[in-house]
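Just one chain is shown here, as structure tokens, and it is the form predicted alone.
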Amino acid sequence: MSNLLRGGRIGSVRKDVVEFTASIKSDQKLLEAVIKINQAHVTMLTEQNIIDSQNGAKLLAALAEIDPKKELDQTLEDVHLAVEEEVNKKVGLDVGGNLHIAKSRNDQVSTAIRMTLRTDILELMNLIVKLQTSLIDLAEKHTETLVPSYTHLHPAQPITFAHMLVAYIDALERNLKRLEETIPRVNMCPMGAGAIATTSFPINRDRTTELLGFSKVLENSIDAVGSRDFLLETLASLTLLAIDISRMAEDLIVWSSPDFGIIDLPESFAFTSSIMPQKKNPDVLEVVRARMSQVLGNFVASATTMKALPSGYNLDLQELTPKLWESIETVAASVVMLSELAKNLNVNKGIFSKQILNYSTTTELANLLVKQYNVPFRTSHKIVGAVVKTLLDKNLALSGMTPELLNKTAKDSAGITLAVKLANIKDSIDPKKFVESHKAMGGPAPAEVKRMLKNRLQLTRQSKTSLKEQKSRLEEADMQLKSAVQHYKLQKK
């Protein structure tokens, strides 16, 4: 344990108590951010003449020598003390003891989480765009491939496989926008808030914010150290994304089962049974589905923790951060798996040979009676439903319907005299013609799906451009910080 905070108000502390409360195990991810925060803070302190330039140069030189990927000493309490200990080893306590002037672990940890999180969000957004691109590539191959849609897990109406994929692409787009809208609230700088009431030193919070690449200062010091709504907001967005990913995985699991037979999973993403040699199990997708539940659990646990806290910093907040990192890593890994799976997915183009799907076009038969025979839709619905019942009772397919049967049923069930032609019946119940006729905006008609895919491809290109620009802004801030650090290091020489 560190002795930096011992010997004053607190003399000694039990080792098991330190281990119980320490965050060092999950702080590794924050090390690079904490080094940069200290560099920016020392630069600002030097520019404000709070510490002299010679000592500032020594501190910056010591900070620059710390490897941001080094393994943290697990006997220490947290990453902040670990960095301070390293600096003191290099320059001694007389100089290193001033590293913590005008800052607290409270504002520092909030800043470090925000810095790390904004990068992670951008990386996750890139992965989502890659998944969208994989789905678009797959959809472009299947704009004419007929598959059944389902409601209540029963066959509903014919669509194309591409039409289904566009639904996933659009859901991912909304998740992308939610994360994008979260970034400005993440990208606010708490540094300078201190423990809760700022500091009496004449610090320049705007300068620290600039050097660390934040868009603005998180002004109120109580809010700056005690708020984690940005963390909850991110977890909420991750949870919505996880729900969509889980549902996508569930669809693929169901569709890949022999009873549905719509898709065939690539062997490299499936496993067999230890006892049943015929099995091809969707293990990867099942793991994805299960892990998405953990993301929801992390959000609930974090929200429950936050709701009971008083204003200001409480160590309870320390327990939230590992859940955030776990959720991001879990979602990111699952998005990568789905992206790769989509590139290798096979679709059964002959699925409508199954008799169970034969009745999925009956809505259009009902529409036929409305369009060409002026039958009210509710009456038409009743007539077609009665015909379907008769055919099923006789174990016949929908293709076995005759004009005579339809006309007789119309008379018996609704008292309507019809003279429907066989050609009209055949056209209305043909799955291909069904799909082609459903060309309203957002429908499954191939031409409409191709239009949507063209638009979605443009959206992914815009997303890629935006993400590159945001990454460039962070890189520019890094360069500015490095330049400032180098300026003072040269003075040391």
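Each residue number is its position in the shown sequence, starting from 1. Not measured: the values here are computed from a predicted model.
There is another form of the same protein, the form predicted together with a small molecule; it is not shown, and what comes next is about it.
Peer 1: Thinking of the small molecule in the predicted bound form, which stretch from 378-386, 409-417, 102-110, 128-136 has heavy atoms inside 4.5 Å of it?
Peer 2: The contacting stretch is 102-110.
Peer 1: Even though the partner isn't displayed, in the predicted bound form is Leu315 close enough to the small molecule, meaning a heavy atom within 4.5 Å?
Peer 2: Looking in the predicted bound form, residue contacts with the small molecule include Leu315, since a heavy atom lies within 4.5 Å.
Peer 1: Can any non-hydrogen atom of Gln470 be found within 4.5 angstroms of the small molecule in the predicted bound form?
Peer 2: Result no; Gln470 lies far from the small molecule in the predicted bound form.
Peer 1: Decide whether Arg118 counts as a contact residue for the small molecule in the predicted bound form under a heavy atom distance cut-off of 4.5 Å.
Peer 2: No, Arg118 stays farther than 4.5 Å from the small molecule in the predicted bound form.
Peer 1: Quick one: does Asp78 come within 4.5 Å of the small molecule in the predicted bound form, counting heavy atoms only?
Peer 2: Because a heavy atom of Asp78 falls inside 4.5 Å of the small molecule in the predicted bound form, the answer is yes.
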